[in-house]
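In the structure tokens that follow, a single protein chain appears in two forms: structure 1, then structure 2.
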Structure 1
């Protein structure tokens, strides 16, 4: 069936034969046809409507899937040496804007971590993280040079939902110093908010030196 779509024999929006007809065409049972069609529909190649039929999906817009994981893991996987400097690790009162993103009342406290991740000594990421104390009460007792905040929080809330924003930012004086940036070198910023059904767990901003970092992803169906 993929061949027929790829060859243009079944163009976008074309209605393909019904399950019963495909049974006869391919000489298999209806469950087999159905499973195959359902998988293609799940992959975004087909669109199925009960009572109506199965259609070749319209040309999809590109989706890129970017994996964002633990900086420490990434670095070690590349066979490089990982190190981490903790710049700030404290409990403090959140600003109004910060608390709004956690849906917490005014005056609540947040944990604040700032850390620099290094690959073979060179800084590759500045992590600026806020954590909801309710989600990880003993967050500050961790030794972040051995376990990253990412790994610690993932162990507590293994299946979070969340949202990313990726943008380019001009380097501030602080970023220039902490990330050892070249003059004029900007940063790639990834802001990530993660939550469980109960609460917002953490809001983290990762700043990466433009010249030493890029996000790679595949274009995928869907």
Structure 2
């Protein structure tokens, strides 16, 4: 599907064939098709419209924001109390889409961390992070209630290269629960990929409750 989108065969706003047609086209199970569509929709490649179907997402406008920081440091600098709840910390097999982000072969494993960052007890960020085990073999041995994954990885690679994207997303039931969102409250998602010259180190998605979070930057002379 990515090949067809990238080649222009399926242009922006093109309606994706039904799951049954995709099963016949690619010779795979319905579960495989459903999982692929869900992952592509999550990554912003596809857009699902209730009652109409699934479409190739239109290109998004973007601007560059360059500063990245440790959530714990940010919270403490505001004079607030920081805490972290670890929801998931495990090694698992990566999906095809996940491994493609790391340029890793099929069947490779990734470290997976899900953590909720709290400011004065209130959840302000959900971190969903994948890490290349070759870049940080001791990652899962860390106590992420006392040190953040950001601080640990930056200590290993202080000046990595990277790319990040900020987008508004509709909160899933899981996000509503973990971030204590009000009904209808939107979410901000920051997706960040960082790498060193020889490998991709980590891909992280940070979800923030829009009513309790804002992005602030500075304008400085060159």
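Positions refer to the first chain, counted from 1. Just so we're on the same page, rigid core means the largest C-alpha set that superposes within 1.5 Å between forms. Please read all numbers here as calculations on a predicted model, not as lab measurements.
K.L.:
Would you indicate whether the form predicted alone is structure 1 or structure 2?
P.N.:
Structure 2, which is the form predicted alone, differs in this respect from structure 1.
K.L.:
Would residue 176 count as moving between structure 1 and structure 2, using a Cα shift of 2 angstroms or more after superposing the core as the test?
P.N.:
Not so; residue 176 is displaced by less than 2 Å.
K.L.:
Cα of residue 190 displaced 2 Å or more between structure 1 and structure 2, core superposed?
P.N.:
Not so; residue 190 is displaced by less than 2 Å.
K.L.:
Is the shift of residue 165 between structure 1 and structure 2 large enough to count as movement, that is, does its C-alpha move by 2 Å or more after the core is superposed?
P.N.:
Not so; residue 165 is displaced by less than 2 Å.
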